[in-house]
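Below you will find one chain, with nothing else, as structure tokens; this is the form predicted on its own, and questions on how it binds or moves follow later.
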Amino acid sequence: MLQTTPLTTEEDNPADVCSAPPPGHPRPDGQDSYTISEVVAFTGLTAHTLRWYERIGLMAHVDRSHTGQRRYSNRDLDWLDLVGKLRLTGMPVADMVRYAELVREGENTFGERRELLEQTRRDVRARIAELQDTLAVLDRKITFYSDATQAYEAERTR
């Protein structure tokens, strides 16, 4: 297998105790060489998406086998899990790529990374507030229709 410079992730920093642990790995470290099709099966992402993530810099260079096939590691799976969480927040791809660049630059970027994540957290909280308001409207409408249906049924059976 070709040796490449690994992507440094938050999991490398023991001070990052607030992050959720990554999901269990299909294989133990040291035996963690996954083909792109295996990663597709584990993550639900498409092969096209995985190659695109690598091309735009969202993923560090992925190791290759002697035949040139991509070989992903547990560390890559952890990174993809984080990227999936960032996608769920609605973080723009450009910000995710910037975050990945900052991670690769090292510890001197902790402040910038924190700022990016804090902005994303503010955006998520705003979306949650909007969704809570929307949920309240739906609850009122459902109650209205439930009450109206009961009244209609009671009127019909008289």
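Computed from a predicted structure; not experimentally measured. Position 1 is the first residue in the sequence shown; the rest follow in order.
Quick note: we don't show the form predicted together with the DNA, though the next part is all about it.
Partner contact for residue 85 in the predicted bound form: the DNA, 4.5 angstroms, heavy atom: Result no; residue 85 lies far from the DNA in the predicted bound form.
Verify the contact flag for residue 106: yes if a non-hydrogen atom of it lies within 4.5 Å of a non-hydrogen atom of the DNA in the predicted bound form, no if not. Residue-level check for residue 106: no, no contact with the DNA.
Check residue 110 for me: does it contact the DNA in the predicted bound form (non-hydrogen atoms, 4.5 angstroms)? No - in the predicted bound form, heavy atoms of residue 110 and the DNA never come within 4.5 Å of each other.
Examine residue 33 and determine whether its closest non-hydrogen atom to the DNA in the predicted bound form is within 4.5 angstroms. Although the DNA is absent here, residue 33 would stay clear of it in the predicted bound form, with no heavy atoms inside 4.5 Å.
Partner-facing stretch of 98 to 106, 129 to 137, 58 to 66, 116 to 124, counted where any non-hydrogen atom is within 4.5 angstroms of the DNA in the predicted bound form: Result of the contact check: 58 to 66.
Counting only heavy atoms, which residues in 42 to 78 are within 4.5 Å of the DNA in the predicted bound form? 46, 48, 49, 51, 52, 53, 55, 64, 66, 67, 68, 69, 70 sit within 4.5 Å of the partner.
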